[in-house]
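Take a look at this single chain, the form predicted alone, given in structure tokens.
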Amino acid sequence: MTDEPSEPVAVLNTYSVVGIAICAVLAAAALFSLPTLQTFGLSFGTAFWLTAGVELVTAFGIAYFVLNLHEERA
């Protein structure tokens, strides 16, 4: 009988942790960007949809990184 585990071990993927943190900071900053974008001369509709697009991309980014959070090593 050997002491080696027969099942693969799940290891935390540090790139996914960093990606989640970056996406979360970007999403939090985008929440407050609407008034800033309006001061640069954008209309409310344009600034809103730009902010909504950033939020959507960060949501997809977080979902991707969460799905790849653990990697299996033999």
Partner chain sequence: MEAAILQAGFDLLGDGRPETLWLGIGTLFMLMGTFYFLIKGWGVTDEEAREYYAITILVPGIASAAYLSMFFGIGLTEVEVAGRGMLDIYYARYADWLFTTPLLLLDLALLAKVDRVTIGTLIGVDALMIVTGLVGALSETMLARYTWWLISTISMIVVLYFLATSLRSAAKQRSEEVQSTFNTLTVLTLVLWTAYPILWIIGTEGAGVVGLGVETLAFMVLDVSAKVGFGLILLRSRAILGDTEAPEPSAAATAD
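All figures in this text were calculated on a predicted structure; none of them were measured in a lab. Positions refer to the first chain, counted from 1.
A second form of this protein, the form predicted in complex with its partner chain, is not displayed here; the remarks below concern that form.
- Its partner chain is not drawn, but in the model of the complex it has no heavy atom within 4.5 Å of Gly41.
- Heavy atoms of Tyr15 never reach within 4.5 Å of its partner chain in the model of the complex, leaving it off the interface.
- Shown alone here, Leu37 lies farther than 4.5 Å from its partner chain in the model of the complex, counting heavy atoms only.
- Contacts between 34-58 and its partner chain, taken as any heavy atom within 4.5 Å in the model of the complex, involve Leu34, Pro35, Phe44, Phe48, Trp49, Ala52, Glu55, Leu56, Thr58.
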